[in-house]
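Okay, so here's just one chain, in structure tokens, the form predicted on its own.
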């Protein structure tokens, strides 16, 4: 299991800033998000997992310059500033890493089939008449 312990706490702090829906999810939704992401990440190469773990550390390093704390201990407005910096970073590798984390965060929420109706997502059935 890749997302556990401090890494899970940090990732969920990022997820809550990027996706306000996550911040108000009940424990079942949070557990579905964790399971969905950990199942997805279980099939990834160790090199990919190490890059994700390294980027989470980089986020904490950048966060230190915004408030002398790791990301999860910053106030929300400073957490948003860190995310904005990464989103608009002049360094392509930081933008790429941010978009990878952003994609995982969104997958954990919007990948839950239980939320499809609530978010207006209609599943297309292959082979159905048009």
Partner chain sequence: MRTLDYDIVIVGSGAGGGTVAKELAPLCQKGMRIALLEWGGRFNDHDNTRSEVEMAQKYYFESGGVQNSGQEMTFALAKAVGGSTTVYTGTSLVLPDEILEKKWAVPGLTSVDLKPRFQKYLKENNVHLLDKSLINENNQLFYNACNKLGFKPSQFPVNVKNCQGLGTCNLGCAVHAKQGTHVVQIPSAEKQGVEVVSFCRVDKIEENCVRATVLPPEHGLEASPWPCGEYSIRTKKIILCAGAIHTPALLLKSFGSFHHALGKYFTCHPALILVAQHDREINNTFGHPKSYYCEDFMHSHGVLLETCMYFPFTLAKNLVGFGPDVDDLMSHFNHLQMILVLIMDHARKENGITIDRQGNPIIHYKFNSQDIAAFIKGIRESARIFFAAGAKRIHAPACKSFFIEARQAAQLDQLINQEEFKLGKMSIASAHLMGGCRMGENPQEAITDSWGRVNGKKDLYVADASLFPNSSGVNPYLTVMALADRVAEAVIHDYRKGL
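Because the structure is predicted, anything quoted here is derived from the model rather than measured. Positions refer to the first chain, counted from 1.
Not pictured, yet referred to below: the form predicted in complex with its partner chain.
- In the model of the complex, its partner chain lies within 4.5 Å of some heavy atom of residue 83.
- Interface membership of residue 64, defined by any non-hydrogen atom within 4.5 Å of its partner chain in the model of the complex, is ruled out.
- Not displayed here, its partner chain is approached by residue 119 to within 4.5 Å at the level of heavy atoms in the model of the complex.
- Its partner chain is not shown here, but in the model of the complex it comes within 4.5 Å of a heavy atom of residue 51.
- Between its partner chain and the residues 77, 57, 44, 69, the one pair within 4.5 Å by heavy atoms in the model of the complex involves 44.
- Residues of 63 to 99 lying near its partner chain in the model of the complex, listed in sequence order, are 80, 83, 84, 87, 88, 95, 96, 98, 99, the criterion being any heavy atom within 4.5 Å.
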